[in-house]
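The form predicted on its own is given below as one chain in C-alpha cells.
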C-alpha cells in the first residue's frame, strides 16, 4: 500500500527532497508519495524543491490574530483534500493544532535527542549551540509523534553521533543532519508497519 504524505515545511526543504527522492527510488523500500507540500512562509527554498519534483505545493500563512486551532483547521482541510494519510513536519516552525482524525498520524523530526533540548525556541542552530554550551559528548535527532506540546509526543526513533571537541554549531548541525536523513524515512517505515 502506497502511503500518501503531506510534508509541512518552513525553510530549505532538504527533508522534503530526501523523502521525494526515496519515493521515486524503487530500490529504497519506501512505499510513499508526497501528495502535498505546505509551507507557512512564502519564498522559501522548500517551495522551489517541490516545484522541481512537480509536487503540489501551497502556502498557508497565519492570518493576523488567527488562533492555532483555526490555522490547524485550514492546514488539515488541505491535507484531507490531498488524500494524505500521514503528515510529516520537516522543519515546520509553527505551532500546529491536530484534529482528532489525525491524532497519532503527525510525525516530527527534531535535531536533538529528546527530551533534551526540546520545546519552544529549540530549533535549528539554537539546538546545536545549546548542546555545545552544555558540553554534551553526543547529540543526534529524534523522530516522534506530535501532540499538543512542543517536542513531547511518543518517540519513534532516535539516532546519535559524537560531538567532537572542535565542533562549531554548524559542524554539529551537519553531522546531526546526516543522521536525520536516515532517521526520518526509517521511522516512517516502522510507523507504517505497526
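Positions refer to the first chain, counted from 1. Quantities reported herein were computed from a predicted structural model and do not represent experimental measurements.
Just so it is clear, the following notes concern the form predicted together with a small molecule, a form of the same protein that is not shown.
Residue contact check for residue 71: none of its heavy atoms lie within 4.5 Å of the small molecule in the predicted complex. Interface membership of residue 185, defined by any non-hydrogen atom within 4.5 Å of the small molecule in the predicted complex, is ruled out. Shown alone here, residue 90 lies within 4.5 Å of the small molecule in the predicted complex, counting heavy atoms only.
When contacts are judged by a 4.5 Å heavy atom cut-off, residue 124 counts as touching the small molecule in the predicted complex. The three marked residues, 11, 110 and 177, each reach the small molecule in the predicted complex, with a heavy atom inside 4.5 Å.
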